[in-house]
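Below you will find one chain, with nothing else, as structure tokens; this is the form predicted alone, and questions on how it binds or moves follow later.
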């Protein structure tokens, strides 16, 4: 709220300065505010003057002083404004304004930080979307944590969000074919037949387990089928088992999808064929070397790409284009896909295909998350022998719990590699960030229970004298509460889910500092009431942040 008011006031000051001729009218700059690392530099800071100075050739400090002459701030918002360094303008919020944040949290409760910026527009968020050829891997857990948190963020700023899981089950997929051949070999081996797993097949022991379960359930009834028919039948049986296991894994991880969309339905309903025809009619495809190609180079890609192979089979890209055509036809205002690191090369071609169908490219965004490496202290965890080339997500969740898994997956920007320390995630100590944050919430609950046991009634928000909050740790804590609305909006609009774990950690640290230096329950009844109100506001805000990232807020630890 304070940041929004300051940005608006600075924008208006720039306009007034330009109207007065004090700053050239062609000096355009977006107003941005940051939180200084050093608290001595105030609560918020802007480099607007330096940007304008670079465009006009005037000294930045002179531009800053000019802006301040035209600046009109809401009464009571700031206590101090200063120009520092090469031209930063620093603002220190007033104590009265910070106390008002506490009252706002108490009044709004769970609604604090919500907004209607999205205006009720619809968003389809597709994430995880693993091939149905084995258990979900740890890297897909990162996609799940990021996707679900991003959905929560967009919902809090007024979007209508639908979560979707895309099941890559088309029988013409190379991966699916290799899995079916591997499963067939393992099935025959279970029945005492001589069979070999293809060299490029799936080596994990989980396929052996699936074949054994298949024999236990179905016996040898597939044995006499023609080879191709048996491949299809075996895969269809185990497809149901794998998708069911993916659903269980996601529920155990706290993620529920509105839709599980089957890739095969696009082929069964001729949607792929219709999409290819639409590209042809629009002049965005052509035939060469017996195949059909997308004119992707005309739409920003470095090369054209095959849509229909020379043997008549649609490529993976053809299915992807048809799938996104289906999404737009369902009427969503915006689409966001979250893909794994191995799909980086597919981004431009998919966006080119969507654009070729005539859809607005600005309504469609693809986010890439990077790999996850597991460590136990300083030692990297090797891949699971039973799973072949993956580390199962279910094993990680069983080892460290869903709270720690989700929190750790979200601690870094999705576009950076994540090193996940299993031992740290399980520690019941302050160096474990999720424990540190959850302990702050549990400690607040303990304070409130103790107050109740002592017969100290929790004050009503409109009856408490918050002017008693004047210590640096009290006001610093209130300042952190005030960051939340802007952090939620920025995290959603920039798709930066890691901002939420940072927000939780900073709020937890501010509370622990306050708890160390300010006794909540004391002999001064009015001060006790003010501090109880403050910790209630912190509890509410912590619960909001933890709810957004899908982590529990325990009342006892």
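Keep in mind it's a predicted model, so treat the numbers as computed, not measured. Take the two forms, find the largest set of C-alpha atoms that superpose within 1.5 Å, and that set is the rigid core. Positions refer to the first chain, counted from 1.
Missing here is the form predicted together with the RNA; even so, the following discussion is about that form.
Novice: Select, from the options 443-451, 329-337, 391-399, 222-230, the stretch whose residues sit within 4.5 angstroms of the RNA in the model of the complex by heavy atom distance.
Specialist: Going by heavy atoms within 4.5 Å, the stretch is 443-451.
Novice: At the 4.5 Å heavy atom threshold, is residue 435 in contact with the RNA in the model of the complex?
Specialist: Result yes; residue 435 sits at the interface with the RNA in the model of the complex.
Novice: Contact between residue 309 and the RNA in the model of the complex at 4.5 Å, heavy atoms?
Specialist: Judged by the heavy-atom cut-off of 4.5 Å, residue 309 is in contact with the RNA in the model of the complex.
Novice: Heavy atom to heavy atom, is residue 194 within 4.5 Å of the RNA in the model of the complex?
Specialist: Result no; residue 194 lies far from the RNA in the model of the complex.
Novice: My question is simply whether residue 379 lines the interface with the RNA in the model of the complex - judged by any non-hydrogen atom within 4.5 Å.
Specialist: Output for residue 379 is no: heavy atoms all beyond 4.5 Å of the RNA.
Novice: Work out which of 92, 168, 152, 355 lies within 4.5 Å of the RNA in the model of the complex, going by heavy atoms.
Specialist: Looking at the other structure, the residue within range turns out to be 168.
Novice: What is the one choice in 175, 241, 108, 203 with a heavy atom within 4.5 Å of the RNA in the model of the complex?
Specialist: Of the listed residues, the single hit is 175.
Novice: Taking the RNA in the model of the complex, would 217, 245 and 323 all count as contacting it (heavy atom within 4.5 Å)?
Specialist: No, the whole trio is out of contact, none within 4.5 Å by any heavy atom.
Novice: Does anything in 276-294 come within 4.5 Å of the RNA in the model of the complex by heavy atoms, and if so which residues, in order?
Specialist: Sequence-ordered list: 288, 289, 291, 293.
Novice: Would the C-alpha of residue 82 be classed as shifted by 2 Å or more between this form and the one not shown after rigid-core alignment?
Specialist: Residue 82: C-alpha displaced by 2 Å or more between this form and the one not shown.
Novice: For residue 520, decide whether the Cα shift between this form and the one not shown is 2 Å or greater, given a superposition on the rigid core.
Specialist: Moves: no, less than 2 Å.
Novice: Classify residue 165 as shifted (yes) or not shifted (no) between this form and the one not shown, where shifted means its C-alpha moves by 2 Å or more with the rigid core superposed.
Specialist: Moves: no, less than 2 Å.
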